[in-house]
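Single chain ahead, written as structure tokens, the form predicted alone.
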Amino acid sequence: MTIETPPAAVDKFARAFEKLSSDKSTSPEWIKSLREKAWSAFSNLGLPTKRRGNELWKYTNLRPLADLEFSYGSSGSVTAEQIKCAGPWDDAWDTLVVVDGKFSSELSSLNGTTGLRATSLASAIESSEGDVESQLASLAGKEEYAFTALSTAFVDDGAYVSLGDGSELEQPVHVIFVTSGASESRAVYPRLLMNAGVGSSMTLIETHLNLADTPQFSAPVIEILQDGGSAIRHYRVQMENEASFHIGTTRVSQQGDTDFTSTSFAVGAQIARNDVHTLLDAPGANCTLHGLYMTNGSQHQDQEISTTHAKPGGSSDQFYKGILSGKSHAVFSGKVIVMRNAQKSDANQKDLNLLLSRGAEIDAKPSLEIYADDITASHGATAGHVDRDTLFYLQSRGVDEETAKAILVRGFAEEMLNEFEPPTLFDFVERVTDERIPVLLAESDTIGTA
């Protein structure tokens, strides 16, 4: 079904697509064909501004995004010091930096780690390195989804990571996507394509930073393919300015006896979406998807989390927490599908939200679709505030009111923060949370009211 779209919502991107096609006329034929097919799909879909009858976007209004004009192809300057000040950084990590969708070899810091192939996506495309031709857009392209189609239509550069069979990395691989400071509003489409070989293991950190003060649009697409017996510990940090739009898509395909464990941390952006789908495509695949999101003012955070159990004996766990203040809005749409032959599956799903203001709103929609008869599954969602008795308990032990409120909010977040195990990364998300709590409390009017 074609989703109703204001004409400009397609036309504004059409001019940029024509320019890209002209500039990249020497690209390999397979990538040109991929872009054309993706553009055709996006032209039919448009931006999903119609919400009635559209379950994927029922609670998220994209009209502000559709109404803005964006330039494409311009890139600003970024220094290593700016990145280190704005996001997590550790010299021991293998770090790939993508600025305004373009891989930066100057800002990247690669240590020559054995078993790791890390480079620009553009160079992997030009050389058709490894299986990049068959892998690129193989996961984020199967569904009729406007933003993956849009990103693939503009696919040009990003990061490419390949982990050899049996490789076990001691230090994390860090991929940083940066939107540089600029006065004009721009659209960027960064990509990460990653393959983990048989029996390999690694920690992957994915960071999204915005250094601009003006409205920006970032539509990153992450594709992760895991071969049998591989294990990935994934962390995602999303920080945008409060005028920008961030529509992120992650697609993961897991083969037999694989483990994919992901924890996300999201703050900022006018409208942000973290759209994750994991496919458990062989027996014994396991995935854990956790996250913490914080909103204030009129911000909007949307968590679209789904897992498909396609084969037997797999397990999945979805657990997200939100802290909302002011007139902000959050969405948690969790979905688990257990296919007919995916017997002995174990699926759990939970979303907890702390509402600090009467004007804050959460739309939680956990759901299960089960077609097998020998499985274990549970789901649930709650939203509430800190009651008078809980606040009084701390005050009665000599803690002043404002400190007591901060302790209670921090205590709610603590469980998720502790999942960020690399010390440098934990220090970063802890600091950002501690800086964020006074902002949240400044707009709070429900703590201790009932």
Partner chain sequence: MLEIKNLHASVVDVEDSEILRGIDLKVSKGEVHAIMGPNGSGKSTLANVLMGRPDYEVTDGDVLFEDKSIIEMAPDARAHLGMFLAFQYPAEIPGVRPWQFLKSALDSKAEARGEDKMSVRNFSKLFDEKVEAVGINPNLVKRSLNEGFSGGEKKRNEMLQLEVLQPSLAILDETDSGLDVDALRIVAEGVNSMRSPERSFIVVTHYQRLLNYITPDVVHILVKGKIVKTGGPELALEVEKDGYKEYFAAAGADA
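Numbering follows the first chain given and starts at 1. The model shown is predicted, which means the values in this text are computed figures rather than measured ones.
The form predicted together with its partner chain exists for this protein as well; it is not shown, and the discussion that follows is about that form.
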Does residue 408 make contact with its partner chain in the predicted complex, using a 4.5 Å heavy atom cut-off? yes
Heavy atom to heavy atom, is residue 66 within 4.5 Å of its partner chain in the predicted complex? no
So, residue 393 and its partner chain: in the predicted complex, are they within 4.5 Å at any heavy atom pair? yes
If you check in the predicted complex, is residue 412 within 4.5 Å of its partner chain, heavy atoms only? yes
Specify the contacting stretch among 378-386, 41-49, 56-64, 412-420, defined as having any heavy atom within 4.5 Å of its partner chain in the predicted complex. 412-420
